[in-house]
Every structure is written in C-alpha cells, then in structure tokens.
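Coming up is one lone chain in structure tokens, specifically the form predicted on its own.
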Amino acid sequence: MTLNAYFETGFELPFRLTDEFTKQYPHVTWDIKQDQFTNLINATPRLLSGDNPPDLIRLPTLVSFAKEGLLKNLDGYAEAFGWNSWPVPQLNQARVAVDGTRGSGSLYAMGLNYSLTGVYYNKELAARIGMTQPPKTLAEFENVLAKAKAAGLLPIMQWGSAKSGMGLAFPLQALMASIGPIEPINDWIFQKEGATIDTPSNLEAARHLEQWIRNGYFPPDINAIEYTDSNARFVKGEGVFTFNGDWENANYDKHMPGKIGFFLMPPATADKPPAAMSAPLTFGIAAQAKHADCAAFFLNWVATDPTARQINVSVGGSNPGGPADAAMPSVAKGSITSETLAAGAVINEAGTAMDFIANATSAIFAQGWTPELQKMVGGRQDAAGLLKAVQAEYLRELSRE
C-alpha cells in the first residue's frame, strides 16, 4: 500500500514519522510531495478535489474544505480510536460546526503535534544589553528592545517575504494577547458571528508593532527575507530576539546548543497571565482518499506509539498530544525543548492558548495580513488601516466561503 501525501517544505518531522511508520509497518510506503505553506494555501482545494486526492495533507486551514465536502469527516475514527476522551484543546481547533464556525462540531483534522510560540533569544547578546532574566511585562520587554537598538544590535530577526508569509503576524498577535483578551481573537479565527479583529486593544497592539517598525527593531530588508533565511541569520548571531515556534527547537539546539533561550510573550501587566499561539500541526484526509483508514491509523499511531512520540519531541520540539495519561518522552536537561514544554504547561494551566490569526480563513494570510503588514513596513499603512483592511478582506472571504 502506498499512501499519497502532501507536506509543507522545510519541516523534517512528518518525513521522520513516515519513515518510522514504514519501518514498523513495511507493507505501507509513501508517495510524498512537498511545497511552501503559502503555495499549499492556494493548491489545497485543487488537490483535495482532484483525481488522486491525498490520503494525508498538511492543512493551512480547514473550514471551507470541510463545508465543501472535500475533507473526510473523522468522527467515526475519533470514536473508534478513543480520541474524544483526549484533552479537549487537542481536537476543538479542528472541529467545524454545521454553520461553519470552528471549535465545536465534527472533527475534520488531527495534529501531528501541538506547537507553542513565543520569543527566542540569543543568550550572549541578551547578556550584553543587561538582560539577565526574561522580561515580565511588555514595558520591560520594550525596554530591552530599546537597549539592543542603542547597542547597535538588531533587536528582532523576523521574516516577511510573500513567499513565506509575513512573519510580523507573530509579534502582532503576541502583542494583541499581551494587551487584550484572547477570546475575541479566537472568536475571529473561529469565524464566530459578528467577530472582528478591529478592536480597541488590537489597535493598541498594532500601534506598538508600528512603532517597533519605525524604531528599526526589525531588519530593513524584512519584506524580502524568507522564513528559512531568517532562522539561518538568527543562529549566526543576527538579532537578539525572534518570534517563532517550538518546531525550530531541534534546529536551535543543533546549531547553538545552550545558547538560545525562550520565554512567553510577557503580558502588559504582571497580574495578567501570559498567552501564546498554540495550535496543532494540522493534517487532514481527503474525502475521497483511497487509503483513508490507514491514514487515520497513522494519525492515531503518531500520538500513541512511544517511538513516534519520542520523534515528535526530539525532532518536532512540541508536545505530542495524545491521551492525557500518556508519558511525556524524555528531553535533554537544559535543552530549548525542555523550556518550551515547561512554558506550554503554563499556557495549559492558564487556558490562554490561541490559534493563529493567519488561519482564520483559507486566504487571509496571503491576501490580508501579508500585503498589509508589508505596506506597514514600507510606511504605506498604519495600525488603524491595517486592521480595517484585514477585517474587510476577512468579510469578503467569508461571503464567498
């Protein structure tokens, strides 16, 4: 049996998992294609509705595909494998109700793991500007950003090319959650009736980001920087901080072992719990997939097999999910993965996880956030205009979905 799969370029984890799966089940092999995330956004409808639909595919978004009947409803597999008894946050982001809102309803995807985002920092450079411990408030963080700039260092390395998708969406959403509540953000992502991204607290967050751009906290060529180049430059010592996710842990531990730290985006006030973008690495099965049962078995195996869970943590750097009582694989003491797993426990305890604003609709990242944030970098968009333009694009897309 050969499973037909589409993965996202630049991420080793799915390939390592499929290799291990074939090692344990030699009668299953894989025909894997890969592409950039933004290309997958455009190609997924065609792939799902084609003559040879994928048995397994990395999903940039899922609501429109579920509503159009292009994705397999996984409720039967959830019942058979016992997924419904797993912690609720693992599955609710992949549920779609009859009215098209996310967060409840039938299951249309599963995560290979459950990522966490935050702020990574170069310990050596941070020490040079007097940062001996992670900042506890937004004001403290902005103070060290200013110190980095004054010291002649690049405060934040980030990517921003249209091909990779604008990486300023990461610090923007982190600022939104630092300043305001997360519920309106998740409502907007889940397409709840009347939801808007253009809220007073989000406007304040966007104004902070606009000021960071004006202050020169990001590389001047950010609109041309690819995701992989941003990471390569960061591990070579360019940038004190970068906003990213735990899928880069293995890369950081490999190239700068013990020299990179991690902290959750600090809240605006010390009495407010931190929040973070934390979402499953989502994969789905085409409605007309030839080997749907095997693909579903693979998704269950990823979360329950001890070797697969160890690969997930060692290579993916993220929580492998699965049953609540499943043992957490071992991690090296002092590794960056040990820091992000500990931070994830803080977010779980506080209940302050968010999906990504880039995932709100199938095209909002490519048609809304990326071009509008690129305009802001070029001085042709301001904070208020950014939110109004993205909200208008969001409503335009919802009217078509």
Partner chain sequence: MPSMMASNDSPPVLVASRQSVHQGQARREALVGWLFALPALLVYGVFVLLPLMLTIIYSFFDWDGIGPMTWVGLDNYVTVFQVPDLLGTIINAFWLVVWFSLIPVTLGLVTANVMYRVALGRFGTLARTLLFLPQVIPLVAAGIIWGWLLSRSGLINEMLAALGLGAFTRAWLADFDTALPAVGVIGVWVLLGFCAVLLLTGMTKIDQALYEAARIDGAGWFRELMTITVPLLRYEIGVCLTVTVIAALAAFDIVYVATGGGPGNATAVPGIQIYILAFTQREIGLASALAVMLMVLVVVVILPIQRLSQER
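Positions refer to the first chain, counted from 1. Just so you know, these numbers come straight off a predicted model, no measurement behind them. Each form is matched to the other, and the largest set of C-alpha atoms that superpose within 1.5 Å is called the rigid core.
The form predicted in complex with the partner chain exists for this protein as well; it is not shown, and the discussion that follows is about that form.
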Query raised in the report: Does each of 76, 231 and 316 have at least one heavy atom within 4.5 Å of the partner chain in the model of the complex?
Result: no
Query - residue 20 within 4.5 Å of the partner chain in the model of the complex, heavy atoms - result: no
**Report entry** Touches the partner chain in the model of the complex: residue 10 (any heavy atom, 4.5 Å)
**Finding:** no
Report task. Spell out, yes or no, whether the shortest heavy atom distance between residue 335 and the partner chain in the model of the complex is within 4.5 Å. Result -> no
Requested in this report: Would you please decide whether residue 52 lies within 4.5 angstroms of the partner chain in the model of the complex, comparing each non-hydrogen atom pair?
Outcome: no
Report summary line: Interface check vs the partner chain in the model of the complex: of 251, 92, 223, 288, the one with a heavy atom inside 4.5 Å is 223
Query - Segment that reaches the partner chain in the model of the complex - one of 367 to 375, 22 to 30, 345 to 353, 52 to 60, heavy atoms within 4.5 Å - result: 367 to 375
**Report entry** in the model of the complex: members of 148 to 177 within 4.5 Å of the partner chain, any heavy atom
**Finding:** 162, 163
**Report entry** Flag for residue 360, CA shift 2 Å or larger between this form and the one not shown after aligning core
**Finding:** no
Requested in this report: Compare the position of the CA of residue 69 between this form and the one not shown after a rigid core fit and state whether the shift reaches 2 Å.
Outcome: yes
